[in-house]
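Starting off, we have a lone chain in the form predicted on its own, written out as structure tokens.
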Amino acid sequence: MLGRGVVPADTPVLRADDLGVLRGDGIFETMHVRDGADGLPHPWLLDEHLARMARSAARMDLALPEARVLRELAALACEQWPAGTEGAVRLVCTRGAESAAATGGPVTCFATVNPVGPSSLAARRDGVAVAALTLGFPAAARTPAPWLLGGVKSLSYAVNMASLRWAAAHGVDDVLWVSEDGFALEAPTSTLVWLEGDTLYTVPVAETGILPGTTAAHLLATAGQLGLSAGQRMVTPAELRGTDGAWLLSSVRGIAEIRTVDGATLPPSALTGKLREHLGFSA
């Protein structure tokens, strides 16, 4: 924890009036932990995650510690993690105590590190069945409305978690949020990527206000190494059925192939294993 160093996982670290708890007023980033060239655990794509965290903080007028401090905090958490074991490190920054926030008091900032859960490993290995659920507003609604916090990775994840609970209750693995005008946007904790011919596509961030996925961005930026090109365009759930493969990408789960959408089977892609290997995730 910032200012306290390493503390046992069962040690209380938040005040009861912390605005991250009371209102979800804060931001976070979660990174995959994997061994680096030195054989020690490190957070993957750390700079990219810190850059997104800084953008989220700016949008929320949140006084984020310097990137150097956050980098050291993430490294300190990873030092507690065993080499040879993949994990997940989460950086959290809240607006701090309600009683101090109004006067510009200190923010609360901490990092946790945990194992990758079995459901994430299963989705990476077996793929996912998804249901398309409405997000309740048009695809372009968030871009001209900054108060909707499009593209911000905030702690306000109640809708995200409610969507996943709905999925579990209805026998599917995940959810694909769809705009009121019928376009696929993103999943509650992952980014949509699909293949058409030799081009990997994802949903345009600027037009839709979706969260820009770091893993998806890395894949598309390095698509040339796989002999593929990259692009962005709008897509409907029905159109995904005619693609050459579709996946949900996230920092910890990695890449999960979409097997079905609303019960309709998508053809399996021979590229899934190659993409997973390219991104450095185990099967």
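Model, not experiment: these values are computed from the prediction. One-based numbering along the sequence shown.
Keep in mind that the form predicted together with a small molecule is missing from the display, and what follows is about it.
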| item | value |
| --- | --- |
| Contact residue in the model of the complex, chosen from Leu200, Ala187, Val130, Ala111 - any heavy atom within 4.5 Å of the small molecule | Ala187 |
| Which of 122-130, 157-165, 68-76, 100-108 sits within 4.5 Å of the small molecule in the model of the complex, heavy atom basis | 157-165 |
| Partner contact for Leu211 in the model of the complex: the small molecule, 4.5 angstroms, heavy atom | yes |
| Interface membership of Arg95, the small molecule in the model of the complex, 4.5 Å heavy atom rule | no |
| 4.5 angstroms heavy atom contact with the small molecule in the model of the complex for Ser56 | no |
| Contact of Thr191 with the small molecule in the model of the complex (heavy atom, 4.5 Å) | yes |
